[in-house]
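In the block that follows, a single chain appears as structure tokens, in the form predicted on its own.
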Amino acid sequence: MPQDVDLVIVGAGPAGLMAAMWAAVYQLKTIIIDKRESRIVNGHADGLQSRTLEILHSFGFGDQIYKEASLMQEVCFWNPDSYGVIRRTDRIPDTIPGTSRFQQSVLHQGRIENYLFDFIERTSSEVSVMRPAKPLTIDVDESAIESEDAYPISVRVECLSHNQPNGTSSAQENAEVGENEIRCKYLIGCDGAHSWVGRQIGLVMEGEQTASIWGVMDVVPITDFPDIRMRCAVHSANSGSIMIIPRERGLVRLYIQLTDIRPARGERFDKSMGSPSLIFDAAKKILQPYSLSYDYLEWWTIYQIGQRVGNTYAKFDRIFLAGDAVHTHSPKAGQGMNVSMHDTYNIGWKLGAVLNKTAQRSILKTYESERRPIAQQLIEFDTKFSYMFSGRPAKDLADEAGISMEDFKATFQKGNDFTSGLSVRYGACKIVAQEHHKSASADPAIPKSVLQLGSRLPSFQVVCQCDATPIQLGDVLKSDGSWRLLVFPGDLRHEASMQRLKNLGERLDRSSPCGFPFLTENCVQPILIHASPRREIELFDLPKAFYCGSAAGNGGFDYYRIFADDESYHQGHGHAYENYGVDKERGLVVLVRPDQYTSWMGGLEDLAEAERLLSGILRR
């Protein structure tokens, strides 16, 4: 008998596991199909960008990863002098100061996946893993595509053995040996480059394979190179380039250009021709006159730079592709794992809301419209960055064939904002309001600062009204599937501000027949951030919409949805209004999606606009 599930995920890498975390949050019956016999224990991807750490923190464990990871503090640039000897020419901060409370960090993929698996296991018993297993066929009943209760996708899977991966529980990772049939409502292909799922839906990868070959080694180095524990971009005069990434446990990752290997353009390099000695010999040449050896090699590989993006991200809005399955690029900018997880972080909450029948199925079309442009921007950046990193340094201003190291540094700095993941801005669509849809009364309230429609909401410190605890506002925006209506009423000591808030509170009263229709624990939660001194405001003088109801559903009070932008006793003042650019006299309302991206902004009088937007997204 076929097994019926809500969701099938092909691939148990970071992208697949991010999708599975959302499935666990929404309690979706989910099967992950993975070809590997066990989990990764070393090597592979390792960079965690600031936005990725924010996302993981919203699931409740980003701070644990942050403590274990190696934090990137500084980037050093090493270039040849007039005699061809490499010298440090500049230093810049690795993470742009003030952009996020999380710095870019490094931790190997196996440890990251373990954290994701642990979250899934403690959150839901509905997610299971079949491994080692491979999908054989996908069939789609096109007549049932629009039926929300149908299982239009049928996947035939071959489970190869009962081998249990190291450190896993049979409750989470098991399968019947032999062929299995699974029927599902939706499927996500996270099966990497040369995606099997992609081939089944006719995916065409657009772009090209370059002739640039790089080796990667994770070693405990022995060297007199002074910046071995810094992130370094090293250009030699004639032997190629190295990217140095300090890792956890004393490890260092080396990305090493192999200048002696030059396949014809479009021709694939045979990786079996590579070896650790081949790669390391190239590294020693680049770092001359410094010595380099190692006493421990943990992992190595060779890759050929290719920059491609898929022509489609979805089929029937039932089968979706994410990560390397739909975009490939070089790993040196630390984007592969991060952008892949951001893909499934985007589609995951949308699928969960549709399957739980709180959102309309039409929102699934926004996955491709939001994520494909990001991949195209990444390919554009990576093409330029890889060319400049692989190129020979210019000897002087007249050397037009060489790469200007000043231009390389400028490109690196300009790309830092993009590679952090913090600058992503989704365009106007079904779930992001258009600029011209804002009413005239709301326009003066809209800040022209860090708050932008379609961008992630930055986090600043506020103080909890009920117990004076300082908290980052970002910590309130958990990845639990809820939308948030952030109300910034201004200074409530002013009569006009308090009256506007009371009027809004009446609209947010669930018991009112003409109240805001989407206010439930699992749909839209109102959150209040006022600009008054906390000690001059009484919680129960504020509208009940901001404290009535509890997560336990017992009809009590939820004390942790009202905050003050005020001085804390021990951690200073967060200046949230100032940092967000909110006018303390007019106030502001911000509608935030379950993935912490802003969907709508307006004045306290403009709630009808938010209601109209949500009526095309959520079910009543």
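None of the values given here were measured: they were computed from a predicted structure. For every residue, the number given is its place in the sequence shown, counted from 1.
The following text describes the form predicted in complex with a further copy of the same chain, which does not appear among the structures shown.
- Although the partner is absent here, P93 sits close enough that one of its heavy atoms falls within 4.5 Å of a further copy of the same chain in the predicted complex.
- In the predicted complex, no heavy atom of F77 sits within 4.5 Å of a further copy of the same chain.
- By the criterion of a heavy atom within 4.5 Å, K365 is excluded from the residues contacting a further copy of the same chain in the predicted complex.
- At a distance threshold of 4.5 angstroms between non-hydrogen atoms, D63 is in contact with a further copy of the same chain in the predicted complex.
- From the list 233-241, 376-384, 342-350, 469-477, the contact stretch for a further copy of the same chain in the predicted complex under a 4.5 Å heavy atom rule is 469-477.
- The partner is absent here, but in the predicted complex a heavy atom of R534, alone among R500, R131, R534, R371, sits within 4.5 Å of a further copy of the same chain.
- With the partner removed from view, the residue among F280, Y313, F117, F225 that has a non-hydrogen atom within 4.5 Å of a further copy of the same chain in the predicted complex turns out to be F225.
- Against a further copy of the same chain in the predicted complex, the set H194, G427 and V524 makes no contact: no member has a heavy atom within 4.5 Å.
- Applying a 4.5 Å heavy atom cutoff to a further copy of the same chain in the predicted complex picks out R249 as the lone residue from 236-250.
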